[in-house]
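Given next, in structure tokens, is a single chain: the form predicted alone.
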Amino acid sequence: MKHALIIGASRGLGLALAGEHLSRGWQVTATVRAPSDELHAVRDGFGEALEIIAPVDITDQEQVAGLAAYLQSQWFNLVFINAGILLGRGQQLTEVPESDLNAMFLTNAISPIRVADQLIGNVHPGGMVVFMSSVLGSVGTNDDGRAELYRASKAALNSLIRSFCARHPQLDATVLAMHPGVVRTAMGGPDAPLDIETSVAGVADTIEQRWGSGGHAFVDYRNQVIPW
């Protein structure tokens, strides 16, 4: 049985990814910043196949170090790092408080890589490390400048993913920057074109299709390559 570690599974896409992999026969370890009634409801349906670890805030290095210590002897076929916040929506750059700027880049770009660095020893040979990215992180396709702060934070994440791979040439794993589509979540809004179920099914399919391919790639939930 394959074992997935999903970082950030309290709600939205992370929660749905946990449920999707459980339904496909995986064992799942899921982290949350605070207790999640929704995730506990999933555990009611799958029992011991789901382990929940809390609190784990990826911006808190002490909590991340504690997670790494707790998981020290465990192997995971998949480590999926799901993190993202959107602040300053509709504001000019000069209007966004520095605290929001710092929070967005720390959460969206820096902390996911710090987590991956802490957990690299838990990745089973031939496994996968997946970061939740966004098509808006593509510098090459930025032709409208919308959501510029969120876009910049995800572009920074993508750059750091490539640096992560360069720093760990010995890593026997496939590394993906994953765009889940524009999804009807709290961030995507009610008018987004994709429902959560379609998105996470596509993400899980893409993981299966990319399994064992090695290297790193920037792809979407349909397994289509996105320009960096």
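Just so it is clear, the structure is predicted and the values come from calculations on it, not from any experiment. One-based numbering along the sequence shown.
Just so you know, the form predicted in complex with a small molecule exists too; it's not on screen, but the next bit is about it.
Classify G188 as contacting or not contacting the small molecule in the model of the complex by the rule of any non-hydrogen atom within 4.5 angstroms, answering yes or no.
Heavy-atom contact with the small molecule at 4.5 Å: present for G188.
Using 4.5 Å between non-hydrogen atoms, is I85 touching the small molecule in the model of the complex?
Flag for I85 set to yes.
Distance check, N122 to the small molecule in the model of the complex, heavy atom within 4.5 Å
Heavy-atom contact with the small molecule at 4.5 Å: absent for N122.
Going by a heavy atom distance of 4.5 Å, is H168 a contact of the small molecule in the model of the complex?
Outside the cut-off, so no.
Would the small molecule in the model of the complex be within 4.5 angstroms of a non-hydrogen atom of every residue among L13, T59 and P180?
Yes.
Among the candidate stretches 71 to 79, 146 to 154, 92 to 100, 122 to 130, which one is within 4.5 Å of the small molecule in the model of the complex when only heavy atoms are counted?
In short, 146 to 154.
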